[in-house]
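A lone chain, given as structure tokens: the form predicted on its own.
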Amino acid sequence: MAALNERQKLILALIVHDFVETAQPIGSNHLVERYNLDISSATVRNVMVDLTDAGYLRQPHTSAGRVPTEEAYRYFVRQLMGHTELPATTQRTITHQFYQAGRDVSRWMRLAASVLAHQSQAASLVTAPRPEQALFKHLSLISTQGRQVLMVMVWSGGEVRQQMLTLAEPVSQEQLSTAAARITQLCQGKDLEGISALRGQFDALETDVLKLVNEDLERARRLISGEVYRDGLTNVLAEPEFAESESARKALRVLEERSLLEDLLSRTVLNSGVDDVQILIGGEGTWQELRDCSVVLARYGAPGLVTGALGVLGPTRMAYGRTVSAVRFVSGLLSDLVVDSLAE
């Protein structure tokens, strides 16, 4: 990022603030009049030219004013926005709503998605809390046809996974049941590392089965389990920059398609600390579907035990201060509720 002087920072902050509110290109005369600046419009115009040359502003048309670039939003978020919080009255109202929901986790999730969508006027997502460690609980092996075997695995928390296994040669159901019982006995309550430490204690059939068990445990570490709660999708489609545009629909695919959402969360917030807020602007060169959008994400829960993710997706012309405040507050609130529920 190019270093900016105080005047350039002021003008850039005002342009971002104004454009977020109006979605219209900003001219120098408008800035001077609206914010009662004690400098001339010619001086503001020169500052805007410098900001354009530095890559923070662009001019949609020759005669139009300027609009912020992705770099402008990144600079604003990292250098100018500072720490923001929701108003105390809003915090109290949200907290009261959650405690009215009782101990129903699904109600917490729906309420969190609703609150985030309302506060940000964008689309929201909340993933149900899941055990941070995938632990093996039970295995069944069922002979189906020839060398084909149905493998049914149960993880801690009750999640059931099924997979077909093709054996090198046919094996009787009795042998399969014996192998499944032995694996269950030795591996119950263990994570991926715990099962790997048992290497050498299994015969050829059990080793083949455990290879798939380990692969599924590794996958379970990275994936979202449970339901994903969404709200506010129409907020995004209603934004002027997305009118009759494919951009919003491409972005919303990230929320709708599980594989895309899992990729986004596993490579960002699920590797961060609880309550840390991450801001992705314009897809950060990684997610083409988000090229015209920004995403604000956070992780919530009890570190090392149970965690989930939540966030907001909207246009790059997003009210970052309020959105980040809402995501941070709801993340902290859900973390407190999850920790309290574990203590019961």
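The numbering used is simple: start at 1 and walk along the sequence shown. Not measured: the values here are computed from a predicted model.
Below: the form predicted in complex with the DNA, not depicted.
Only one of 297, 48, 318, 290 lies close to the DNA in the model of the complex, with a heavy atom inside 4.5 Å, and it is 48. In the model of the complex, the DNA lies within 4.5 Å of some heavy atom of residue 42.
Of the heavy atoms in residue 278, none are within 4.5 Å of the DNA in the model of the complex. Taking the partner from the other structure, the DNA in the model of the complex has a heavy atom within 4.5 Å of a heavy atom of residue 26. Residue 286 falls outside the set of residues with a heavy atom inside 4.5 Å of the DNA in the model of the complex.
Although the DNA is not shown here, in the model of the complex the stretch 42-80 places heavy atoms of 42, 43, 45, 46, 48, 49, 59, 61, 62, 63, 64, 65, 66 within 4.5 Å of it, in sequence order.
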